[in-house]
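Have a look below at one chain only, the form predicted on its own, in C-alpha cells format.
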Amino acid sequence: MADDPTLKLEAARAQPLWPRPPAWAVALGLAAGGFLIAYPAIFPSPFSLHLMIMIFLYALMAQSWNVMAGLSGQISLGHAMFFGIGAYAASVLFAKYGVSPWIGLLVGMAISALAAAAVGLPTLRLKGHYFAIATLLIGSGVQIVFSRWEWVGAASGLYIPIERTSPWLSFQFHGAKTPYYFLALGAAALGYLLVWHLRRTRFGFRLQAVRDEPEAAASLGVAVSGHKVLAFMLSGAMMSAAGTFYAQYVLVLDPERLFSLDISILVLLMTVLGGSGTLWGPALGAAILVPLSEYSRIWFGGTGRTVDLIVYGILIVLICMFRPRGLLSLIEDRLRRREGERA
C-alpha cells in the first residue's frame, strides 16, 4: 500500500504549495514593520525621512522592473519612460485643469499600461539583447518628444503649483516630510504585496515558466508573447505610480531627469544586486544603493555622482563574479544549510 501511486498523489496534493514561514521569520517581519512605523518618531530629521522616502520609492521602482525581468525574463532599459509618463500625467492634469493628483495617479498608470502594450506587442517577440536595445531607443525617443513638447513645458520643464488649502487632496505636504514618508511606505508595501500575491497565482507560475523554458511553456499552451505583454503592462503601471509620487514630492518636472537612462540603469542595478526574481531582492538593493548615492553626494558635493557610479560598477562586477543570484542568495543558502544540518 505504501507504493500505491494514488496514495502518493493524494499525499502530494495535501502538501502546502507554500510552506508557512518559521516563527523567527514572522517575528522578524513584525519587528521590521514596527520599526518602520516608528521610524519618524525615532529619526525625525528631514534628511533621515528623505533618505527613507527615496529608499521606499526606489524599492517600488526596482520591484516594478523585477516583474518584467525577474519573473518573465525580459531585460528593459527604457523603464524610465513609464516613470516620466506617470509624473507628467498627474502633474499636467493638476497644473492645467486642477484635477487631483490621486486621479492623475490612476490616469498615469492607465497611460503607462497602454504605452507598455503598444511597445511590447511588436518588440517582446525579440529575444535577448534585441529587446533591451529596442526599449533603450524607445525610451530615448520618448524623452526627446517631451523635451520638445511645448504643451508640457518642453525642455524647460513644468512647475507644479503649490496648493495649501487641501494638502491631502492635492498630494502636497509642505510643513513636514512625515506624510510623504508614510505614503511612500504604503505605496512600497502595496507594490510588494501585489508581487507576493502574483508569484502565487497561475499567472505568476506561467510567467516563471516563460522565463525559464519558453519553448516548453509554449508547448503546454501558454501564450508566451501575451504573458510577456501583460507583465510589461503591470510593470509599467507600477513604475508610473512611483513617478507620480516623485513629481508631487519635488514639485518640479524636468524631462532630462524624469526620462533619464540613469533611472532605468539604477533600478536594474538594485534588482540585480539584491537578487533578480526574488521578492525582497529589489528592496535590499535599494536599501544599499540609495544611501550610497545620497551620502556620496553629501560627502563629495558635485563630484559625488561620479563616485557612486564607480562604486555601482565595482559592486555589480563583484556580484556577477561571486554572487550572480544577488546578495539575498547569501541568506537563502545559509538557511538551506541549517535545514540540511537539522535534517
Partner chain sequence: MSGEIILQAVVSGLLMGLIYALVAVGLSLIFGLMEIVNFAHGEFLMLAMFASFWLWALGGLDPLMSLPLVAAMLAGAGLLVHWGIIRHVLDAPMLAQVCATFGLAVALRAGAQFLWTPDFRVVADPLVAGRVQLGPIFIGQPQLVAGFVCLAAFVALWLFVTRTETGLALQATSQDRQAAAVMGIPTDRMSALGWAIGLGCVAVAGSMLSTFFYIFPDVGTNFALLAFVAVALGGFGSILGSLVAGVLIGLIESLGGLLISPSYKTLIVFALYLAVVLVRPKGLFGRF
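Residue numbers count along the first chain shown, from 1. Keep in mind that what you see is a predicted model, and the values were worked out from it rather than measured.
This next part talks about the form predicted together with its partner chain, which is not shown.
Contact annotation for the candidate site: 125, 134 and 268 all lie close to its partner chain in the predicted complex (heavy atom within 4.5 Å). Per the 4.5 Å heavy atom criterion, its partner chain in the predicted complex is contacted by stretch 137 to 145, the sole one of 152 to 160, 79 to 87, 184 to 192, 137 to 145. Residue-level contacts in the predicted complex: of 114, 75, 106, 251, one residue has a heavy atom within 4.5 Å of its partner chain, and it is 75. Comment: its partner chain is not present in this chain, but in the predicted complex one of 51, 316, 279, 36 has a heavy atom within 4.5 Å of it, namely 316. Contact check for residue 65: a heavy atom falls within 4.5 Å of its partner chain in the predicted complex. Residue contact with its partner chain in the predicted complex: residue 231 places no heavy atom within 4.5 Å of it. Contact between residue 320 and its partner chain in the predicted complex is found at the 4.5 Å heavy atom cutoff.
Although the partner is absent here, residue 97 sits far enough away that none of its heavy atoms falls within 4.5 Å of its partner chain in the predicted complex.
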